[in-house]
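Given next, in structure tokens, is a single chain: the form predicted on its own.
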């Protein structure tokens, strides 16, 4: 039987939904499941880890792990993987996961794959599916090692209803501090806006907004829906949006329940960052825009006319 170790995605003391998605996939392929949770003051998350679908919970809880540092985090994951006998180690898609996964793979002498969208098990053979060449092709990759460390693409798996696990807590020994690099401080976005990776609804603005007034108009729609506010690269390059708001191949990859592309043509680099969204709504005045090829719903029209109508309809529904 396959054994899948999922690395819990914890942010600001909360367990993110990607952890349940990965554990649900592990259950679906008939694997034995475990989760590794690393941080400070996280033992209270044990019931959440169980309810997400894990049957064993490896927990490294120490004040020294409050600030993320790839070296000590990797040591904890390797310890858990060896104790569990995991042949699959999965990270949810995050900056931390992408930093730690290669270190874990090197220490375990395992294969490492990023942005995987599926896993296929045939006997002892492991294969993964992953996009390549900006999503133009899907690779089917055969793994020639006994273990695979993988970073799963955002939105690739779905959390199943009614999945639960069994409480079996194993406390991990705390690794020595990484003397080669000491994390002094982590600076985060202080704007108070919703993180795109956490948002259930994301609204992104593109070149069609023309200027700051257009950006502000679309931002008001995002505020109405308490949505994450993103951007195409064109608006970042134009100085209207910060780089941490860019969605796409060279920005953030998001997979919300609803993604609204406002004034975005749909360059392939942008599509690479949002095609995992459950429902896509596009607004563009050009009916031939590529964005309509991936959109579930499309509105052909000038965003300066469409957005006020959308805002008014939202107000009517809520009232």
Partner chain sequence: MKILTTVKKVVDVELNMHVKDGAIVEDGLQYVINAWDENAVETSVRLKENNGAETTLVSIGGGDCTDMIRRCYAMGIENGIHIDDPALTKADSSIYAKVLQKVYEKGDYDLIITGKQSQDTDSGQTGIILAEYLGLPCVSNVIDLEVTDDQHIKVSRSGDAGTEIIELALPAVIAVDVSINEPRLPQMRGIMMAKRKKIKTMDLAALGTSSDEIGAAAPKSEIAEFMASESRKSGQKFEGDAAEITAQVVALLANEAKVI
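Numbering follows the first chain given and starts at 1. Everything numeric here is computed off the predicted structure, so don't read it as measured data. Superpose the two forms; the largest set of C-alphas matching within 1.5 Å is the rigid core.
Just so you know, the form predicted in complex with the partner chain exists too; it's not on screen, but the next bit is about it.
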Hey, of 154-162, 112-120, 81-89, 168-176, which bit sits against the partner chain in the predicted complex at 4.5 Å between non-hydrogen atoms?
-> 112-120
Find out whether any non-hydrogen atom of residue 98 is located within 4.5 angstroms of the partner chain in the predicted complex, and reply yes or no.
-> yes
Any of the heavy atoms of residue 213 lying within 4.5 Å of the partner chain in the predicted complex?
-> no
Is residue 277 close enough to touch the partner chain in the predicted complex, meaning at least one heavy atom pair within 4.5 Å?
-> yes
Would you check, heavy atoms only and a 4.5 Å threshold, whether residue 207 touches the partner chain in the predicted complex?
-> no
Heavy atom within 4.5 Å of the partner chain in the predicted complex - qualifying residues of 86-108 | 94, 95, 96, 98, 99, 102, 103, 106, 107
With both forms fit on the core, is the shift of the CA atom of residue 245 between this form and the one not shown 2 Å or larger?
-> yes
Align on the rigid core first; then say whether the Cα of residue 291 has moved by at least 2 Å between this form and the one not shown.
-> yes
Hey, does residue 17 budge by 2 Å or more at the Cα between this form and the one not shown once the core is superposed?
-> no
